[in-house]
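Shown next as structure tokens: one chain only, the form predicted alone.
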Amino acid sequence: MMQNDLSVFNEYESEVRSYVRGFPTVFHQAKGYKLWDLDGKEYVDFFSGAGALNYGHNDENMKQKLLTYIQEDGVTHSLDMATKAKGEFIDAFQNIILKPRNMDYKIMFPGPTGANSVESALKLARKVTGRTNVVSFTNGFHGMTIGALSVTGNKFKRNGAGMPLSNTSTLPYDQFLKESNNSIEYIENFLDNGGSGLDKPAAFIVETVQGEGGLNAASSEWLRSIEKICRERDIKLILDDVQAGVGRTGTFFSFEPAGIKPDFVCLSKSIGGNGSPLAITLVAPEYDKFAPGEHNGTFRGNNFAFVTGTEALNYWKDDRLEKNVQEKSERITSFLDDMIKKHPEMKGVRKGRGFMQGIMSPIEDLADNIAGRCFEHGLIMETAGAEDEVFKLFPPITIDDEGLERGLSILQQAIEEVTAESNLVAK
């Protein structure tokens, strides 16, 4: 039997491994908002697979549906052939998600990851416009493949490409220009001024909340202005909802409160329900212009994910989960505001919205140290931002009151201990 030590990982796994360094134990079991390691230590999960486990671990209904499907020898792998499981997922997504929201999209299965979805949207936007340049935004994160990385802002991750990342331009996200805070005027000037050096883009790609980029949340007004810019200039709008979507901000799509209608929507992570890899790209019908097989992927037919993803959509047949997320989001917000007030030495600023919130601090290593202390006390939480300056709360959206309060209590203890022990100096 394997022991709870990391020697096999340290000796044989690539140096690129990351999360195991922040959470140095061997996990074995998981249920709901809890994880257990091989020593039986229990952890509250405020990480949720970086947003891939919005419904928690091993949801009972999803698990039973998957077990039944396996017992029936249901098709596992099918590329883009028609299967019963895939048909049921498409039907459920149309009737539970799209039609009640008056949304009209074709569903593309590009491959199983968020980066696959982003790549397909970038390629299709370029194909339908005949243009090559794509505008992304400061601090955006869209994936680690070359196309997705080219529209990612993080310098460390971009350097990992080992080559120039071209055919993209970066413009300021909402509130990035701290002095004037008028990024919309700036963007319009860059697009319309013949001397700016900015080629007319095929598309804008944007997140409503920049999960990896530091929990920067765009206002609805800013998002509507971005949509207006795109419509007036025949620029396609790609909305990357890989992390902020599937309920994490309080509505199924994170852009619903803004009332905008993107041309392409990228979904992955929790769209598969139970953590199984699945991604979809929603495409406005008039831009569904790929020839058969022009964009494909061997594992775009993950039927296990279709089964659990279909079951997950039942959470959205009424508004109970949505209201629950919104109510608990207010509790998270009030807790973080209280921590900032009680610990002014953090120089903290609350970031994000919904179930993707956190505190940004300019104090060097503070967020890392708080996340590390949380792990010691049985709470799993990560950091975000270009300098890991934000500690980030990502509980499952199905977490109950007891689980949420337990996690917040551990976080409060970690904040109190770290701030008391540290000689806090701003960067």
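For every residue, the number given is its place in the sequence shown, counted from 1. Keep in mind it's a predicted model, so treat the numbers as computed, not measured.
Here the subject shifts to the form predicted together with a further copy of the same chain, a form of this protein not shown in this document.
> State yes or no: in the model of the complex, is some non-hydrogen atom of Gly354 no more than 4.5 angstroms from a non-hydrogen atom of a further copy of the same chain?
Gly354 lies outside the contact set for a further copy of the same chain.
> Hey, in the model of the complex, does Asn296 get a heavy atom within 4.5 angstroms of a further copy of the same chain?
Because a heavy atom of Asn296 falls inside 4.5 Å of a further copy of the same chain in the model of the complex, the answer is yes.
> Is Phe47 a contact residue for a further copy of the same chain in the model of the complex, using a 4.5 Å heavy atom cut-off?
Yes - in the model of the complex, heavy atoms of Phe47 and a further copy of the same chain come within 4.5 Å of each other.
> Does Leu66 reach a further copy of the same chain in the model of the complex if we count a contact as any heavy atom within 4.5 Å?
Contact with a further copy of the same chain, yes.
> a further copy of the same chain is absent from this chain, but in the model of the complex, do Thr251, Gly309 and Thr333 each have a non-hydrogen atom within 4.5 Å of it?
Judged in the model of the complex, none of Thr251, Gly309 and Thr333 sits within 4.5 Å of a further copy of the same chain.
> Just one stretch in 314-322, 132-140, 218-226, 342-350 has heavy atoms within 4.5 Å of a further copy of the same chain in the model of the complex, so which one is it?
Residues of 132-140 come within 4.5 Å of the partner.
> What is the one choice in Glu185, Asp337, Glu232, Glu286 with a heavy atom within 4.5 Å of a further copy of the same chain in the model of the complex?
Spelling it out, the residue with a heavy atom inside the cut-off is Glu185.
> Can you tell me which residues in 261-284 come within 4.5 angstroms of a further copy of the same chain in the model of the complex, by heavy atoms?
Going through 261-284 in order - heavy atoms within 4.5 Å of a further copy of the same chain in the model of the complex - the hits are Ser268, Lys269, Asn274, Gly275, Ser276, Pro277, Leu278.
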